[in-house]
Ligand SMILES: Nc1nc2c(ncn2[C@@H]2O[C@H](COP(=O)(O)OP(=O)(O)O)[C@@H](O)[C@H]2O)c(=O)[nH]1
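Starting off, we have a lone chain in the form predicted on its own, written out as structure tokens.
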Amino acid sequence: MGLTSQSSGFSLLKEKFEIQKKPNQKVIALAGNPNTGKSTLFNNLTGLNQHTGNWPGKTVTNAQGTFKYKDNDYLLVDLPGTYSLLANSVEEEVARDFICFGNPDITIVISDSTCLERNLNLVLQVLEITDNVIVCLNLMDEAKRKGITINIKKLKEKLGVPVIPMVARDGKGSKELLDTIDKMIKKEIKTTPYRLTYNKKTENIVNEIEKKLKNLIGNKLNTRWLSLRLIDGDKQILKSIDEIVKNNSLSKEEI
């Protein structure tokens, strides 16, 4: 969900993340664990139309690239490889803030098919933040060699978002990914992301915090996800929120 206002998202891309996009360009975030083939997929999609730098105020590399498919221009942002979005490192903080506050039109999460159980941790965390997610299962050839079989249809049903098998280094699955991106942008795909339901006591606390947050910030942020982070005692998220909302008549003290 992230910020729901398109103008707000555009402003944040420029001001917080120093990302320049054309007015009609669609923004795609590319997330994944380290060594899952994320950079390979990034290169496949963008070719030579890319440039790198650092995220503002960070020593973490920021890679951006562009590509066209059918009727749309896309800006692909390669997020730092990370196992989690709980912001225990600079990489996690950058990835989390961009997915939540950068308001990408789509977030692609690329996973290693040979150790899917480890990669699903990040997938589930991304699904808590945004509805527009595509999961790519890379290294399917390696999984086959190891005797690993993945029920793609069942996984898609469980996660509630498109799941695409790939071998990124050979370009296998790229056409299906591009078609899925196109359909999602055109709202021809309706997702129902899997989200954890906690025990009754926790859910009651989340609901109470959500009510207060919605009174303060409306639909500008994903209030359920934010409530869960506040329950976690995540102080870093307060800093990020403060940066985001300080120009929108909200402050950390109000929250």
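Numbers follow the displayed sequence, beginning with 1. None of the values given here were measured: they were computed from a predicted structure.
The same protein also has a form predicted together with this ligand, omitted here; what follows describes it.
*Asks:* Using a 4.5 Å heavy atom cut-off, which of 53-61, 38-46, 196-204, 66-74 contacts this ligand in the model of the complex?
*Replies:* Stretch with heavy atoms near the partner: 38-46.
*Asks:* Of 94, 164, 167, 106, which residue is found within 4.5 angstroms of this ligand in the model of the complex when only non-hydrogen atoms are counted?
*Replies:* Flagged contact: 167.
*Asks:* State the residue from 142, 176, 182, 131 whose non-hydrogen atoms include one within 4.5 Å of this ligand in the model of the complex.
*Replies:* Result of the distance check: 142.
*Asks:* Is residue 33 part of the interface with this ligand in the model of the complex - any heavy atom within 4.5 Å?
*Replies:* Yes, residue 33 lies within 4.5 Å of this ligand in the model of the complex.
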